[in-house]
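In structure tokens, one chain follows: the form predicted on its own.
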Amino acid sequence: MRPLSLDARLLRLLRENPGGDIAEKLGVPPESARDRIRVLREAGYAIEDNRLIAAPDRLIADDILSRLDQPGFVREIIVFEETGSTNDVAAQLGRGGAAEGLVVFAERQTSGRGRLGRRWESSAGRGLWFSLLARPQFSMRFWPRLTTWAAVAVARGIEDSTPCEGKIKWPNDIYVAGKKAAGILTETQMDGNPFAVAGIGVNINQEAADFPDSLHGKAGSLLMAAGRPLDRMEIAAKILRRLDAAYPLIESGFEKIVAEARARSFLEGRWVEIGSEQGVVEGLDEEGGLLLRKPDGRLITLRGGEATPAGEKRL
């Protein structure tokens, strides 16, 4: 990670409330500390007696970085007020040589998408829409594991920061209180200087009325499950922490990620349709593939596709 900016270091100190001289702890002149506190207040932060009382409800890169461990996987955060797709921005930066650990957030996406090119509703200021650039040094045969890694990290990050329980609907959706609240889209470029982009969308502070009619009863948000508005930056930081902590396990220790994915399965024991295949879900194999027991008793493994439980329509 790059060295934290003065504002990020200041926010960390104000949040930890260590007491003593803030300027001395930051290693800057007192007037510099006072000036940065003034700027933070103007940006919407409530600061009293060198304590952070409240933060504005908007994504701020320095604030998110101030909540992460160091050193960590996340190297840099960029926040856009609006963009077409954070996955497209991250991929463009990846093709330009950007280093691993870059995270692109947007308050609003105009062309957010999920798997199979479906549109992802990205309400301005209501959720988290972000993409993480990775340049894995492990064998490319392990790259398909990235989706399972991200799904488990998102579910755990949600649970770390909210009263909600995250269930994983194989392979890339997170369900909360029986409704889809988050999705993951992993895209890769294998030629030239290879990279992967993990796009993550989390519905946080939407009310039911914020979703289009076509998604009513299917899509949900953390607010709808928790019954109260939630801190988007805190959730973002907790998810990034979980992504960071589990990243080394993709190559060595992936069985731990798979075990968590199994324990959080939304589909275990349910009859599902996946393309032309039907059967009862019996878990995951060691690579995160879906184990499906067919009506004739055969157990098959599926590596991709979209699982639709009996009686449900696709989102």
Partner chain sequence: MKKNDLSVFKMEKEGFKITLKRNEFDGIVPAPAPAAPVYASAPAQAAPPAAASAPAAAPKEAGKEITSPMVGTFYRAPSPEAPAYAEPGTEVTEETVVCIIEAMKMMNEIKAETKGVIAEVLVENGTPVQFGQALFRLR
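Model, not experiment: these values are computed from the prediction. Numbering follows the first chain given and starts at 1.
Form predicted in complex with its partner chain: not shown, discussed below.
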Quiz item: Among Ser131, Ser221, Asn172, Gln109, which has at least one heavy atom within 4.5 Å of its partner chain in the predicted bound form?
Solution: Asn172
Quiz item: Pick from Asp69, Asp285, Glu282, Asp57: which has a non-hydrogen atom within 4.5 Å of its partner chain in the predicted bound form?
Solution: Asp285
Self-check item: Per-stretch contact check against its partner chain in the predicted bound form, the hit in 210-218, 233-241, 158-166, 80-88 (non-hydrogen atom, 4.5 angstroms)
Solution: 80-88
Quiz item: Does Glu187 reach its partner chain in the predicted bound form, with heavy atoms at most 4.5 Å apart?
Solution: yes
Quiz item: So in the predicted bound form, does Ile274 come within 4.5 Å of its partner chain, heavy atom to heavy atom?
Solution: yes
Quiz item: Is the gap between Glu100 and its partner chain in the predicted bound form 4.5 Å or less for some heavy atom pair?
Solution: no
Quiz item: Does its partner chain get within 4.5 angstroms of any non-hydrogen atom of Arg141 in the predicted bound form?
Solution: yes
